[in-house]
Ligand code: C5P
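As a starting point, one isolated chain is supplied in structure tokens, in the form predicted alone.
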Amino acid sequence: MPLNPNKKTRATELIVALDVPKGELALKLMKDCAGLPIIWKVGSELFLAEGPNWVRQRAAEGYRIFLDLKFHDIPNTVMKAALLAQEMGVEMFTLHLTGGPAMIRAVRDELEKISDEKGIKRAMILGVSVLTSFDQPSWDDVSFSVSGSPSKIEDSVKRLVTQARYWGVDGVVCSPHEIKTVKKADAILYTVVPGIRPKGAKAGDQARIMTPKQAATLGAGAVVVGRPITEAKNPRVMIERVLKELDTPIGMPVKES
């Protein structure tokens, strides 16, 4: 499990997004990067291609898994999904903060109950705030359709995260540009930060990006990097570059051919 998010001196961790359509491609990358301190993110594409057994097997093999399916439904449905995620052995998973307190509390209460009964460590619950694919004009459209008036992204994130920990989450997923906002609203929350691009990498469909070093300096609990790694000629070398930016010991580096 990640280190205690209460400690301000904790290192920023690296999450690598397995944005690939087949399990064999993901597993090759995971094996090629053996020994590096990585949390592996399984999103909708890979999960739908391979299913829960693939995730369960990777967790059983000792890989740290972040299940990023962004649950959002009625409380009972999300609670049952969360229990299945826990059973798979994942280290953390996501749900949408817009699901509200009843949904999140149902998840937290049931996971705590199961954790106590079985004597196992509970998976971290991460709340998704505003997706990093939104820029301000596109968020204006969404916020206006919901409330009748546009809202600044920073204000929306602040309102979502202010009560998030009391609803039951352990951390939040936010843009690097909202790290300060989240820390100001609740300094205890563990922050998982997508929208991270190493220097020189293409932004892709991410609208609000930052380098790993910049996000770490702001206090990110973990940064998420996907395509700049999975599409790299030598993914391990790219991962080592990111870990170096995060000041994470990696042992002997692999020479780039």
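One-based numbering along the sequence shown. Think of the rigid core as the biggest set of C-alphas that the two forms share within 1.5 Å after superposition. Fair warning: this is a prediction, and the values are worked out from it, not measured in the lab.
What follows is about the form predicted together with the ligand, which we do not show.
Only one listed stretch (26-34, 45-53, 227-235, 213-221) carries heavy atoms within 4.5 Å of the ligand in the predicted complex, and that stretch is 227-235. The candidate site formed by I39, R64 and M124 is entirely out of contact with the ligand in the predicted complex, as no residue has a non-hydrogen atom within 4.5 angstroms of it.
Using a 4.5 angstroms limit between non-hydrogen atoms, A17 touches the ligand in the predicted complex. With a 4.5 Å cutoff on heavy atoms, V161 does not count as touching the ligand in the predicted complex; it lies far away. By the criterion of a heavy atom within 4.5 Å, R58 is excluded from the residues contacting the ligand in the predicted complex.
The shortest heavy atom separation between V173 and the ligand in the predicted complex is within 4.5 Å.
Superposition of the core reveals a Cα shift of 2 Å or more for F134 between the shown form and the other one.
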